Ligand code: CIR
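Before any questions on binding or motion, here is one chain by itself as structure tokens, the form predicted alone.
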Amino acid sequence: MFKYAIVKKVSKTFQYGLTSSKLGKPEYNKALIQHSNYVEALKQSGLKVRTLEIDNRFPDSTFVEDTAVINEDLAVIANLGADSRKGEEIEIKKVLDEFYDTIESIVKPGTLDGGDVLRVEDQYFIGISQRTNKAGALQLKELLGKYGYACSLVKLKKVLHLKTGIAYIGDNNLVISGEFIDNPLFHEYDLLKVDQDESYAANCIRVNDYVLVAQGYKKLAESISNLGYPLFKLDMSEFRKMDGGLSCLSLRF
């Protein structure tokens, strides 16, 4: 069960962040409303939410998930793979110092984004991507191994981050799309396969009793609902324009 979440307000420079979506510039005021609704869903899921203030130096800084990997045992501060995002992790470390006695860090030459790290019970999958290199992944594997967590490395082909295309919603259920569907690493799980036209919605999150899913993807929402999970369906249009999804917007622990 999660108790806390850390989120960060949307920067006024948000539209100048990194993206490959080609969906146009985000509407700032609409992004603020969507972010507010996201925070409310976290609260309704039972979390105490810590909201960090705007930092206009970092257009992508609302995507706090990338700055750290956290669980009940330790926090690991990321070394972000994009040069324009280096420095976002400094504030996150100060906040996590309030909650954790043990904080480790990924260091050069390793790079790592939290969006490339998927926890499935006591197993971690770490994506090797444009943002997370093998050196960073192996550092994280070593750190997590000290606490009894197993780790597997996953080479990405197309997606930005591992969690762009896969999510664990508990009870052995993996929401999975695209290049990951045929990967034998995941075949021991019960797979909810996402159709290509709904691939964006694969980035969903389980928060205590609820699953938060992007609004407008009826097939996946129905599949998750049929498993008995209550849903929060959230409009994510402005964050999608900046390659962001539901998991990206919070650190949950």
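Keep in mind the model is a prediction, meaning the values are calculated, not measured. Just count from 1 along the sequence shown to find any residue number.
What comes next is about the form predicted together with citrulline, which does not appear here.
One residue of L144, L174, L160, I106 in contact with citrulline, assessed in the predicted bound form (non-hydrogen atom, 4.5 angstroms): Partner contact (heavy atom, 4.5 Å) among the options: L160.
Option from 69 to 77, 134 to 142, 178 to 186, 160 to 168 whose residues, in the predicted bound form, bring a heavy atom within 4.5 Å of citrulline: Selected stretch: 160 to 168.
Interface membership of F63, citrulline in the predicted bound form, 4.5 Å heavy atom rule: Yes.
is_contact(L23, citrulline) in the predicted bound form, heavy atom dist at most 4.5 Å: Output for L23 is no: heavy atoms all beyond 4.5 Å of citrulline.
Distance check, G115 to citrulline in the predicted bound form, heavy atom within 4.5 Å: Yes, G115 lies within 4.5 Å of citrulline in the predicted bound form.
Partner contact for V10 in the predicted bound form: citrulline, 4.5 angstroms, heavy atom: Heavy-atom contact with citrulline at 4.5 Å: absent for V10.
Stretch 237 to 253: residues contacting citrulline in the predicted bound form, 4.5 Å heavy atom cut-off: Stretch hits, in order: M242, D243, G244, C248.
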